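Take a look at this single chain in structure tokens; it is the form predicted alone.
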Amino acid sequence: MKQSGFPYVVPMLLLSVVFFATPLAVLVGFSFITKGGVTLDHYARFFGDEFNFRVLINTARLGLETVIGTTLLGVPIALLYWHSGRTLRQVIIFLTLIPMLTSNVVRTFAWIVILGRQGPISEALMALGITGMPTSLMFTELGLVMAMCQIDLPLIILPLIAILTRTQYSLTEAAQVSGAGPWRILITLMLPLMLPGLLAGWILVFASTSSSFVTQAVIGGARNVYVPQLIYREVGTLFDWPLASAIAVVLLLSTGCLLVALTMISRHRRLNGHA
């Protein structure tokens, strides 16, 4: 008689209800509560302020820029892993996982040195003659995107490697025999094969970048305001918990909409080899 696996799932369900569903329900409840009862005023205040709407757009743009950057870096690394032997594969996995074992705060503060006036980027720009004086990328969106790409790069490399390890190398050999060049193999064969891994990586990178308060605050500075900093200001400075809850729900729904859209795309028949 086949035994049900439900009892083994119960502890995980209890932990999810206590530590995820309940706090989330409290957060959503706070966003609708006022002294007079239930209201949508907090959401109206958020969307009625042009500054808040601009912050939301800036956060989405930062997430998309980081997704593009990590994709451009992650795809070649994943393909190198796929084409490599055992030793180089172990090195790539080691270099990918090591940053994840380091605190996000430590990696963020390391980028202060890299992006500062005396950092290697500034020295390289002067050595190449691009700039005539020390240049700092701190408190700029370019510097923030560079830092976020390095921090979130493992989140896109690992899904791609998982997809490629299940892909037969003979597919590219067959394409070469048929006369396809390297770029045609990449665009028409490899990228469609890697698309499920890319979609999973995009979701992880976008969600991580959009909610990375420490890196946004330290590298981006006070001039570049994103949604997590806006929530912190409402809670820590203005003590407006209902508005902060409404902003958090908006951020959660924005990421959730992207998650649903990409999940629906990943389940398309053509992406699952049923074309």
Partner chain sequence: MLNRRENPVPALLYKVFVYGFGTLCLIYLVAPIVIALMMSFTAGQTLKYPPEGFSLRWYEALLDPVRSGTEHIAAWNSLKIAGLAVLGSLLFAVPASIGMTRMKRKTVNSIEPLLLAPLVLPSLVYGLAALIVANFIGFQPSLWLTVTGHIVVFGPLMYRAASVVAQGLNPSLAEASTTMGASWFMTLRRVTLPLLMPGILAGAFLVFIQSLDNVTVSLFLADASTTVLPLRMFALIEESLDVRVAAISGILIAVTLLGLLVARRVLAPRPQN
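Being a predicted model, the structure only gives us computed values, none of them experimental. Heads up, when I say rigid core I mean the largest set of C-alphas that superpose within 1.5 Å between the two forms. Residue numbers count along the first chain shown, from 1.
One more form of this protein exists, namely the form predicted in complex with the partner chain; it is left out here, but the text below deals with it.
Interface residue remark: N104 is counted as part of the site for the partner chain in the model of the complex, having a heavy atom within 4.5 Å.
Proximity of S211 to the partner chain in the model of the complex falls within the 4.5 Å heavy atom cutoff. The partner chain in the model of the complex is not approached by L40, whose heavy atoms all lie more than 4.5 angstroms from it. When contacts are judged by a 4.5 Å heavy atom cut-off, L160 does not count as touching the partner chain in the model of the complex.
No residue in the set A44, I156 and M264 has a non-hydrogen atom no more than 4.5 Å from the partner chain in the model of the complex.
Along 29-53, one residue reaches a heavy atom to within 4.5 Å of the partner chain in the model of the complex: F30.
Once both forms are fitted on their rigid core, the CA atom of V10 lies 2 Å or more apart between the shown form and the other one.
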